[in-house]
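The chain that follows stands alone, in the form predicted alone, written as structure tokens.
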Amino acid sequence: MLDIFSEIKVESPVDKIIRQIRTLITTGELKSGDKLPPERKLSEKFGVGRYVVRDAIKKLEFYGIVKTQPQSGTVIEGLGMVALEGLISDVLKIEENDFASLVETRILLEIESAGKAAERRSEEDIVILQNALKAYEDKIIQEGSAVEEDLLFHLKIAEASRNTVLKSLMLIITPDIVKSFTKLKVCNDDSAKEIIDQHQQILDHIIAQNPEGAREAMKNHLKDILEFSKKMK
């Protein structure tokens, strides 16, 4: 008898804000170029803390729906309504049990982006990647956890691949991977040193412009998380 019922999913405040902004855009009340009110005023209007508003805006930025400009605030980007509707709907449907799918998608993207980065990286890319790796190391030393810094390093590899589609796809799935990593406690302090070494190996192959070496190093780096995701199916 229980099989005919479905679990009730309660939306988080962040998802409710995203849904409301989506509705305002699809109805035309918010248009490309419109400026959102400041975080303080939005938090008062929504009845939530400013950190909740900030998280929602950050997620919308990942998807290219809004853009925050220094000194100017947050503005609506010119994304097609059909694409927007489908994108946000898919984002809000991603649940905990889709973690394995996210990981599988990430691995496919990451292996190829590492190979392309090794082929196409510039000297500037090397500096950016070195800085991203150092940021990860510093955060580990200070706080013992650096999930966002870890994924930022991977996003910078995608940027170095010079493939805008790869980069965009990584940006789409990244927020939900961060959320799942944190909730499921995938990473732990004991693995930090090993991850740093693996990142360095990937970077070394990118610097040496060794595509196959970079792909293999990335595959090796992600094998543990792949095994973890398989256990969750």
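Start at 1 and count along the sequence shown; that's the residue number. Quantities reported herein were computed from a predicted structural model and do not represent experimental measurements.
There is another form of the same protein, the form predicted in complex with the DNA; it is not shown, and what comes next is about it.
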Given that the partner is absent here, state which listed stretch (68-76, 147-155, 101-109, 118-126) has heavy atoms within 4.5 Å of the DNA in the model of the complex. 68-76
Although the partner isn't part of this model, could you tell me whether G213 comes within 4.5 Å of the DNA in the model of the complex, counting any heavy atom of the residue? no
In the model of the complex, is there a heavy atom of the DNA that lies within 4.5 Å of any heavy atom of I172, even though the partner is absent here? no
Is there a heavy atom of K45 no more than 4.5 Å from a heavy atom of the DNA in the model of the complex? no
Could you confirm whether G33 comes within 4.5 Å of the DNA in the model of the complex, counting heavy atoms only? no
Identify which of I196, V52, L166, I207 has a heavy atom within 4.5 Å of the DNA in the model of the complex; exactly one of them does. V52
